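Below you will find one chain, with nothing else, as structure tokens; this is the form predicted on its own, and questions on how it binds or moves follow later.
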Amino acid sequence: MNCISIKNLTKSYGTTKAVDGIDLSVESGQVFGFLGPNGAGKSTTIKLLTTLIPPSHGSLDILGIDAIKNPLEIRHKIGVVLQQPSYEPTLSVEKSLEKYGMMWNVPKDERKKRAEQLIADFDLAEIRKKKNEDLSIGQRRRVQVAREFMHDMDLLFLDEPTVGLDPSARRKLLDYLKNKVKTGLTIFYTTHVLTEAEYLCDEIAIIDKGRILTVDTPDSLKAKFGKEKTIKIHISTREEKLSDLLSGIKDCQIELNSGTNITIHSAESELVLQKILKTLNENNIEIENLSAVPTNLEEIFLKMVEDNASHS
């Protein structure tokens, strides 16, 4: 079942199309990544999907409901954590959670139970009595995400939720989200940290200049667009003659610093490697270390955005 279905969704500001006729379907029970450079249309799309702004054109179904005609009905079924900080300065962490539960009409006993669970899950015990205005940026962000789980929802929108978090807090949040999805929650997730998307997301859409460039799983994207691989060879001694020996072999780079490093970056890296190994063997040059670097999502993302810029 599709949790989100949009067709020809467009948002114009004067002559500028922030979102330019996108079509997108998101299945329930997954983390859907939404990636793009600054100004690509990510935040505008989220505001459209969460009914904060109306579209200029197109259709928008959220959880099987026409979101353009029934925005209030949608808002009762979703959670939203926007990029902008949002907190009550003079309230303590535990009071913030309590207040948020009250806003969503969560019964008192259930509010207390959920608040205690979230304080534990988000490592907020040491700061539970602190006012939000006295917290660090990362701590405020944790509270901002945690309080959204005070109420029940079918769909959660997270716009750059890990901004300000240290690596340990970031990983804990990602694992928490993974576990929540197992209970049936769907998450629509934007991020600039591509390793996050690779770790967390079941499917990914890449948007640029208001248009969707591709939608696929991280593994399929890497298989489709990640043909170029990088192989690194390290030789412990400085081999000054290597430049001459390998001069006829394309797609390899030689650095003479701590010993000798040969880097191959090519769509035919295995073929290039065979030629280099043959030359090294013929000249009795011993390899100390050899490693292959798999294509990552960041390389694919940058390549797609660059290609889109050159074609527009």
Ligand SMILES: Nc1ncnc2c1ncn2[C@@H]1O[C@H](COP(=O)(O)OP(=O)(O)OP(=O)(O)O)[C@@H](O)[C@H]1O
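We number the residues from 1 along the sequence you see. This structure is a prediction, so every number in the text was calculated from the model and none was measured.
Missing here is the form predicted together with this ligand; even so, the following discussion is about that form.
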query: Residue stretch of 260-268, 43-51, 59-67, 282-290 approaching this ligand in the model of the complex, non-hydrogen atom distance within 4.5 Å; finding: 43-51
query: Answer option from His192, Lys130, His234, Lys172, heavy atom within 4.5 Å of this ligand in the model of the complex; finding: His192
query: Of Gln83, Asn179, Ser136, Thr214, the one that lies within 4.5 Å of this ligand in the model of the complex (heavy atoms); finding: Gln83
query: Any non-hydrogen atom of Leu24 within 4.5 angstroms of this ligand in the model of the complex; finding: no
query: Thr16: touches this ligand in the model of the complex, heavy atom cutoff 4.5 angstroms; finding: yes
query: Partner contact for Glu160 in the model of the complex: this ligand, 4.5 angstroms, heavy atom; finding: yes
query: Gln253: touches this ligand in the model of the complex, heavy atom cutoff 4.5 angstroms; finding: no
